[in-house]
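Take a look at this one chain, the form predicted on its own, written out in structure tokens.
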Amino acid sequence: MTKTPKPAVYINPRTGAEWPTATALWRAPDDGSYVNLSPGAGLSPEDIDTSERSLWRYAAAIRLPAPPAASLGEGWTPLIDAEWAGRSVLMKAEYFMPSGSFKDRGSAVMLNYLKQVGVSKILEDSSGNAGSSIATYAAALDLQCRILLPAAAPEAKRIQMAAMGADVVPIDGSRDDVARAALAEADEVFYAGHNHQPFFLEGTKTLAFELWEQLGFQVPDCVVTPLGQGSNVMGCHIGFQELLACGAIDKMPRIYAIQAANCAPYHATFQSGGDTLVVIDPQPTIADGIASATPVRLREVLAAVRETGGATVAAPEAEIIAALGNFARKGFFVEPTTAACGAGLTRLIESGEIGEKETVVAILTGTGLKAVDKIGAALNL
């Protein structure tokens, strides 16, 4: 029998104030900015429920008030040997999730939590994948769901949300305009913003647990992932930190975060050496899922990269498109946002930043089936 995890508490990382998680929060009552969760206790191999073929095999380290009310089989995605830029790479196929993207890790945990603490109606903003995921789990958990998204978001993602029963509201303007519109409505309905509500990260941390288990309870030398607002970057950092603190591992993997060069605020700030946001002039990018110029958890994301000895990479459009085609010719039909990861990985390998004999995992975040029109245009198909 697996252990029952100690309940989390909400923490304001700026003031140190704490609040119980019996009542849902998405922002700190004292200063109005985001909240984190207290550190988890990690887990050992003996704590894993190996009969469960989903992320709930790690229930001993997922701090919900009660067992999940609904699961769609999220998590436990394949880790596939492949070749990239002339060397062996492990591809973590997160697009095998129920809604087609890695966001299901966070949505499954966050929405189960919200259901358990009495939230029945939620508001979310998304460029696509998060909205699709939130709509999917809202349907599974019988929650009313309103989603604001850019009017230019891929039609397949909008239809996916609407088919799940969500009230989908297109907003003219940028991804950041959509976020501002959601915040303006947040006093009327609970804002389940995946960049703000920290139980989303309680879900994405299971990516670290899964890599650890699938590698024989070892960690890779490095993890490479696309970076929009950073839920995979922070999730890996949190999960591996928990494993390190409880003695399950003896080192942290380096985390490499890949942005599109046309919209790379984290990269610009990382390059500056500080923690004060470097304001950029965002340009359109084919990698629309990571096109956000206003980071929410800037310090946490930069800390995850810096503390592990990793780096950020800004990938130009031509390199993202080339990687998109390369993925497809290897049998990985991924969306352009995922292709940014491949473009960054190529740069890291060719520069020698990733050693020839190191174990590297690339996170494939979303399926290409959500962006067939954009992929067809980019690859002249």
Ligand SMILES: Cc1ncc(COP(=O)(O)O)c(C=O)c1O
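Note that residue numbering begins at 1 and tracks the sequence as displayed. Please read these numbers as outputs of a predicted model, since none were measured by experiment.
Unshown form predicted together with the named molecule; subsequent notes refer to it.
> Given that the partner is absent here, does N112 sit within 4.5 Å of the named molecule in the model of the complex, heavy atoms only?
Replying inline: It does not: once the named molecule is placed as it appears in the model of the complex, N112 has no heavy atom within 4.5 Å of it.
> Taking heavy atoms and a 4.5 Å cut-off, does I290 contact the named molecule in the model of the complex?
Replying inline: Yes - in the model of the complex, heavy atoms of I290 and the named molecule come within 4.5 Å of each other.
> Can any non-hydrogen atom of N129 be found within 4.5 angstroms of the named molecule in the model of the complex?
Replying inline: Yes, N129 is a contact residue.
> Quick one: is A264 in contact with the named molecule in the model of the complex, heavy atoms, 4.5 Å cut-off?
Replying inline: Heavy-atom contact with the named molecule at 4.5 Å: absent for A264.
> Of the residues L227, A135, A192, I255, which one places a heavy atom within 4.5 Å of the named molecule in the model of the complex?
Replying inline: Of L227, A135, A192, I255, the residue with a heavy atom within 4.5 Å of the named molecule in the model of the complex is L227.
>> Give me the residue from T77, S231, Q160, T269 that has a heavy atom within 4.5 Å of the named molecule in the model of the complex.
In response: The residue in contact is S231.
>> Based on heavy atom distances of 4.5 Å or less, which listed stretch (77 to 85, 98 to 106, 143 to 151, 165 to 173) is in contact with the named molecule in the model of the complex?
In response: Partner-contacting stretch among the options: 98 to 106.
> Does any residue in 333 to 361 get within 4.5 Å of the named molecule in the model of the complex, counting heavy atoms only, and if so which ones?
Replying inline: Residues within 4.5 Å: E335, T337, T338.
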